[in-house]
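One chain comes next, on its own, written as structure tokens: the form predicted on its own.
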Amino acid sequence: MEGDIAELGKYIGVGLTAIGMGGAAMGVGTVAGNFLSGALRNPSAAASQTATLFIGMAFAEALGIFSFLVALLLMFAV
């Protein structure tokens, strides 16, 4: 019985870390959508903002990777 409760807690924790991965996906979509919106308003400035787009996507995606790492640690290390 005690092992079952520990397993349940582990799987609940892993499920909660999946929220972080979903948040990262929404963040990347927001960054890309705002870039596209700005690029359509001012196409001449879009080329100079591409590096900023990739940096923003990298930061947003890094949070998803960290969340995935925590999920793996909860699944296999605990």
Partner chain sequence: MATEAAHGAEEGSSLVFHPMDQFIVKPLFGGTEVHWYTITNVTLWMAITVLAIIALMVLGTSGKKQVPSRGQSMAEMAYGFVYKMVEDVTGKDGLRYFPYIFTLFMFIVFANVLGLVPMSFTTTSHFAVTIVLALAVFLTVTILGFVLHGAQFLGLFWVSSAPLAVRPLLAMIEVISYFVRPVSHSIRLAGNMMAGHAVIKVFAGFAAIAAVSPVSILAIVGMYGLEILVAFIQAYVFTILTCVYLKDALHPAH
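Numbering follows the first chain given and starts at 1. Here the structure is a predicted model, which means the values were calculated and not measured.
Below, we turn to the form predicted in complex with its partner chain, even though it does not appear here.
Residue-level contacts in the predicted complex: of I19, A58, A25, I12, one residue has a heavy atom within 4.5 Å of its partner chain, and it is A58.
Residue contact with its partner chain in the predicted complex: L72 places a heavy atom within 4.5 Å of it. Residue contact with its partner chain in the predicted complex: L36 places no heavy atom within 4.5 Å of it. In the predicted complex, A45 stays away from its partner chain, with no heavy atom inside 4.5 Å.
For A51, a non-hydrogen atom is located within 4.5 Å of its partner chain in the predicted complex, even though that partner is not displayed.
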